[in-house]
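A single chain, nothing else alongside it, follows as structure tokens in the form predicted alone.
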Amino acid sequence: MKLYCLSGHPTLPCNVLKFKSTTIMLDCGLDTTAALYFLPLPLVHSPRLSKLPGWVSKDGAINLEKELKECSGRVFVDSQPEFCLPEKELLDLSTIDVILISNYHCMMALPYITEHTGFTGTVYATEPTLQIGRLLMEELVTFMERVPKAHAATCWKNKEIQRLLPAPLKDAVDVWSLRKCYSMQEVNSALSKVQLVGYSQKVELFGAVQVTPLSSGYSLGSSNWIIQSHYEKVSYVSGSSLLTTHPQPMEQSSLKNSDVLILTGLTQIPTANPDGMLGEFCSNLAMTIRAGGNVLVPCYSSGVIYDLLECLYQFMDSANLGNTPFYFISPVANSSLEFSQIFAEWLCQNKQSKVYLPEPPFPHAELIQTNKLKHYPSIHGDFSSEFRQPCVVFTGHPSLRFGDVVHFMELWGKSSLNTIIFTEPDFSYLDALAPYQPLAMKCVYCPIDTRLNFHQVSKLLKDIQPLHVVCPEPYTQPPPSQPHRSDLMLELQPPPMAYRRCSVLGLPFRRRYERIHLLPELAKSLVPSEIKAGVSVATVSAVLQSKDNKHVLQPVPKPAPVPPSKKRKRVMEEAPEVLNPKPLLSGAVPLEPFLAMLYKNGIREVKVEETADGHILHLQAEDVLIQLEEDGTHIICDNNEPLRTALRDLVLHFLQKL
């Protein structure tokens, strides 16, 4: 059993598991942090960004004025942002049988895998994961296609040139694996390969293994996966949460008795308490609005935004902010808000019960009805005529490199009354803000990550007790910024097996058993013999048929009667004769009764020597050795066949024939 690790990002995993005769990809996360190397894509013409000087090396030897621009003391790539794909060269991706998706954030690289590698398998995901994943992909494609770039920058990726560039470009890794965004056509083709599954639904893969999704508690439809055969069990835990938020709670008991547990997707901010961050978010928002400023919240169009809106719904009236407008701007804003209300069976019990009252499970439905929350596909059109300040705007993308957020950064960045509040933990907020410096607006960092922290995961692993744990390398050592914090790492016995991008791990257990079925007519013919109390054994002669990873014992076919014929057939064409098997022997030869039996049969001079495995009997007059051992009896007798046969019969007297 082998694990191929195609992504080095702990929370955007992509691994391939070879288990029995199946090849299973576990998630295909897309690392979008490489977008931070690029200039923002403004929706409205930006005089500031259009007049940036091109970059030339100090000695003038390298001139990349068309590709690189100097902005706020840093150098950025002037091209459409590109993303870091999972490794494609480690193994042949066309051999993958299935892809298991754990949540909608971990499927964003799916079109790159299914459309460009010869993949012909099936993708398994829950319905909310598929539908919200589709929205996030559609949003990403729309963001890119709204602001097309005339040329693509490639020269800066040359190794010889890259090492001479200023940081952070010279430190960028795997730049040749960076790719432009896919198209909507590729998204639709990739998602047509998805087969929907429900929690606890068992799916057979080629008769070899069975896969089952379990609720992971992190987002709508998010799953952990059990991959098991009759005698082996692998659990894949990715992006899980024990906090009480909107999704169904995490299912833990089914993870017990795992031979191997593959652990990914822990919180990116282990020192931040999500409840404390929500409180800070609300108080900073209120402070800005009261001072007459606007609040900008860069966010994804699904996920934490549902909790933020619910929190604000409860907070607004108590803070006298009832008249402040909230705007949610995204190409998929309407669909996202609607989907969250219709996936009732994937929600926690509290929200499920509201559906039967009937009430909308999320309060943002009421905010929309009362016109406190308005959603728009873009800043163009209706929004520009209905927009009023001070207000709160939720929009994407959290990287601040594309999407409507770029316009608001240009619009509000020059006033200290305004505040930007970062809630998504995926990007360094200082790097995200770099091309907008100098910035007058206040910046607040309130990362909200509800995934498991190290304390929670240690407790979980104690409860479910897997034999072996496999995890990303960063989880096995303290964060580089806090080397003294040994509590921010996994300390387990035995130590976890760590992986990094392009690792190939041999998982530390071997398959020992395989299940075989007996046909009823064969079972009827068996004659069990009791060898000790409660234990019976039967010999069986049968034909083993293996097909589709299922093994069946069938009766030996009887030779067909040969029709009488005048012509003599060749001997080779006769049916093979099926010989009856020799009887198997069981039991042990007891020393004292055996010596008495020898004495009775006239063999009196016997010297007994004790060994580590039993006894050696030397029949001195006959010059014969008999070795009595736990798993066998040997008679060593030269040139006296009648005596050897007589001794054999004496030994058989004490053994049971099967």
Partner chain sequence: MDSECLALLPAVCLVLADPKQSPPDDTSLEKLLDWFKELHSQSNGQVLLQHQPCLLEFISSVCTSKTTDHAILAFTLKLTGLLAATTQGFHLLEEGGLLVSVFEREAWCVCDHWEDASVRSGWLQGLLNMLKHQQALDFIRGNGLIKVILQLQNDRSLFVACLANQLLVHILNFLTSSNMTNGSDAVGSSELSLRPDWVSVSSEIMNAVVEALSSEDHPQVLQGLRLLSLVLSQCGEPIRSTLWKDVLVPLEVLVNRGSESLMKTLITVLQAAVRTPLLSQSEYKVEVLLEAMLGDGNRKEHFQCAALILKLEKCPEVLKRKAMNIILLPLQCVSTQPQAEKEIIVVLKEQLSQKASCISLLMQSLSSLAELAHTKYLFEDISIHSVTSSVVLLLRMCSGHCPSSLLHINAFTHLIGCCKVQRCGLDTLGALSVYEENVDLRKDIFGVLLDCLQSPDSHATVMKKTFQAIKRWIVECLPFPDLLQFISHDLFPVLEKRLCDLRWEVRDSTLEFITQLTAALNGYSGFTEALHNSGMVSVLLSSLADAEGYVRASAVAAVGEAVTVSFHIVNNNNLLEEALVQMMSVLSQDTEGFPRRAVVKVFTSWLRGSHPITALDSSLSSVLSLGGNDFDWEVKMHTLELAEMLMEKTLTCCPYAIQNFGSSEETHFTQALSRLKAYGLFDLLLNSLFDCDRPVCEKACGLLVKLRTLTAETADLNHSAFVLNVCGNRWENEVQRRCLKKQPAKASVCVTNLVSKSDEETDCDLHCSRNISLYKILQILDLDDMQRMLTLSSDHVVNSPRSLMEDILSAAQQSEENIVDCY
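Positions refer to the first chain, counted from 1. Keep in mind the model is a prediction, meaning the values are calculated, not measured.
Below: the form predicted in complex with its partner chain, not depicted.
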If we test each of M287, I516, M184, V355 for a heavy atom within 4.5 Å of its partner chain in the model of the complex, the one that passes is M287
Which one, H380, H151, R500, R485, lies within 4.5 Å of its partner chain in the model of the complex by heavy atoms?
R485
Hey, in the model of the complex, is S94 touching its partner chain, heavy atoms inside 4.5 Å?
no
Taking 4.5 angstroms as the cut-off for heavy atoms, does S318 touch its partner chain in the model of the complex?
yes
So in the model of the complex, is its partner chain close enough to L242 to count as touching (4.5 Å, heavy atoms)?
no
Even though its partner chain is not shown here, does Q465 get within 4.5 Å of it in the model of the complex, heavy atoms only?
no
Name the stretch: of 186-194, 326-334, 242-250, 486-494, exactly one has residues whose heavy atoms fall within 4.5 Å of its partner chain in the model of the complex.
486-494
Select from 274-291 the residues with a non-hydrogen atom within 4.5 Å of its partner chain in the model of the complex and write them out in sequence order.
G276, M277, L278, G279, E280, C282, S283, N284, A286, M287, R290
